[in-house]
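Next up is one chain by itself, shown in structure tokens, the form predicted on its own.
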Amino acid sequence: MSAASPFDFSPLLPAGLPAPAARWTGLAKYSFVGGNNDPDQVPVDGLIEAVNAVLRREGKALATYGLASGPQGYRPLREFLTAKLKRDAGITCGADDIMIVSGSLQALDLVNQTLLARGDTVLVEQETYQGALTRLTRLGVNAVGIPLDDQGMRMDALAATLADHKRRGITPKYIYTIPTVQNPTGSILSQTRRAEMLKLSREYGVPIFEDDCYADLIWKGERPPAIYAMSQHGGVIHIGSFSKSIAPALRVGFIVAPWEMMSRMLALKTDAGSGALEQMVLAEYCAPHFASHVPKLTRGLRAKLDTLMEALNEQFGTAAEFEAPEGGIFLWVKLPDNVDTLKLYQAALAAGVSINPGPEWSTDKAYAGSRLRLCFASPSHEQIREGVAVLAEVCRKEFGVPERIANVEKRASS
């Protein structure tokens, strides 16, 4: 081997690694992907004040892993969460029932590491968070999709699936649900359905894994109690995040769980603690400001949703079908059946528009083949209008859909 030859790591890599990541090339000009939020709604001034205040008061605590608050995270942040969860979600818990984690993705990983082994089965909403699906695939876990309607997961379908698995001698490890502003559909599971899910959970001995990371972003500001709050037997693990309410790049989430599960997850959280400065700043900022910040944020998001729906109606007409979500940052859109959104994604990206193709967010790839998820939080109103116009033009060129753009009939290109 010559001195100039680069070292070859490939023979050393173990089997089963995911495919290599592509190099980062930046965001698309019109970016409708990811869980990014509105840059103009990040409370920068308030966070600056919080940084200065908390560092002056407690900065020396950074010399100790975990800020001397222990492995479950900065205690003032956990105490803020106990009050917030009681007020907003009806959850009664103490600071010791909460663990701070590096975003809800780490929460997903810790729950999965604690409960799952290769070959296990879990039940998920048929359309659900791509990050949850990819993790389950990587773990070799069978994710069985439960159909949704405009009110969230269908309890008749859940009951039938649980009964079918019991007949086959299979006990799913958990029921994963995003009940409050579902991702990607934006639905909210009613209190009646939550009670029915709890009843089925107890009947079949299958715990519920409740992902509530979008629950703060509801237009009306009112939500049903968390499933965790309604449980009488403790068979629920609840996770949440500050990513959507404050800022995703902070990477701060949390888990609320019975000690039997919490103690197991703590044993697996071997990172010496999630980012301490982020926790300190959030606790300092959120205690006085969270309750007034979130309504302002949701008003801005609702206005962007209106712009997106108006742009889709103008550019796609009846070719784009959607239900206005009750909150959140996503719109789930159905295009005509001949549109393959995996192919549309590639063509749109070449034209400067990034979208999330539906099959990546569903256990039923065929059902989701003509669907797509659009994040409306990050782009400006002008970018939303321009981006949708470009997307419609690309879709017409590729699939002849829509036939009319902005009420002007177009011929499909040959």
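These numbers were taken from a predicted model, which means no experiment stands behind them. For every residue, the number given is its place in the sequence shown, counted from 1.
FYI, the form predicted together with a further copy of the same chain isn't displayed, but the following is about it.
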{"item": "In the predicted complex, the one of Gly235, Pro336, Pro147, Gly317 near a further copy of the same chain [non-hydrogen atom within 4.5 angstroms]", "value": "Gly235"}
{"item": "Non-hydrogen atom contact Thr114 with a further copy of the same chain in the predicted complex at 4.5 angstroms", "value": "yes"}
{"item": "Partner proximity in the predicted complex: Gln191 to a further copy of the same chain, non-hydrogen atom cutoff 4.5 Å", "value": "no"}
{"item": "Residue contact check: Ala389 to a further copy of the same chain in the predicted complex, 4.5 Å heavy atom", "value": "no"}
{"item": "4.5 Å heavy atom contact, Gly221 to a further copy of the same chain in the predicted complex", "value": "no"}
{"item": "Answer range among 39-47, 363-371, 381-389, 345-353 for contact with a further copy of the same chain, defined in the predicted complex as heavy atoms within 4.5 Å", "value": "39-47"}
{"item": "Interface residues of 250-274 toward a further copy of the same chain, as seen in the predicted complex [heavy atoms, 4.5 Å]", "value": "Leu250, Arg251, Pro258, Trp259, Glu260, Met261, Ser263, Arg264, Leu266, Ala267, Leu268, Thr270, Asp271, Ala272, Gly273, Ser274"}
